[in-house]
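Presented below, as structure tokens, is a lone chain in the form predicted alone.
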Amino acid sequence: MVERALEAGCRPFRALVDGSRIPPVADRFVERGGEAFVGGDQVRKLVAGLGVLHSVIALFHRPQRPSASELAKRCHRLVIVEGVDNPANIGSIVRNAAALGWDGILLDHTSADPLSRRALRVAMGTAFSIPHARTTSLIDELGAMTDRRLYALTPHADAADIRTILVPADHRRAILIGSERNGLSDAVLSFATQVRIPMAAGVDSLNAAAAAAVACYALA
């Protein structure tokens, strides 16, 4: 994780490393302007508050985020998230999007932070390589996206089967994903083509992150 942050150009602040077995990444951390401290198992356990000890834990300065409009302009394939407040789900969505070739994440202000510790761990650090933006006016941002096709995930029976959606390779697109409790709001759904992932009888929906993976693959 620390190596991926450095490779992505994140500016290091401070690190705590295993004093009995200093990892090679500590040298790179210091070379980039960060401070590194050493500690034994008990010190690192107390500072980190984690059940599993790592050879290095680190703090970085938060990278500057683009605005929602800036992100939309530079991204061909965009994943848009509304109301997903579980950091583990956000981390999985980020990892899926990065793995399947999507190039940006736009979150509303109620969704979890992709750079929170839990989200970063689940995303395996891919949040450092895929840009994201946040907005308090998701409806306004969607209204401005006249240059791309919007596809909203929903379990509604009258939504289009995602397997029937064909997107020309040169068309800009966005997938919209809502929370597992409430799904996407009616206001957001009204801006997009509603699509569903067919499921076996008796199963009404997928986890938000799993649905995002299927959609990112199907609509890539």
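Residue numbers run from 1 along the displayed sequence. Everything quoted here is computed from the prediction, not taken from an experiment.
One more form of this protein, predicted in complex with a small molecule, exists but is not displayed; see below.
S179: touches the small molecule in the predicted complex, heavy atom cutoff 4.5 angstroms: Residue-level check for S179: yes, a contact with the small molecule.
Proximity of A68 to the small molecule in the predicted complex, heavy atoms at 4.5 Å: Looking in the predicted complex, residue contacts with the small molecule do not include A68, since no heavy atom lies within 4.5 Å.
Contact test in the predicted complex: G34 vs the small molecule, heavy atoms, 4.5 Å: Flag for G34 set to no.
is_contact(A26, the small molecule) in the predicted complex, heavy atom dist at most 4.5 Å: Contact with the small molecule, no.
Candidate stretches 165 to 173, 148 to 156, 26 to 34, 57 to 65 - the one whose heavy atoms come within 4.5 Å of the small molecule in the predicted complex: Among the listed stretches, the partner-contacting one is 148 to 156.
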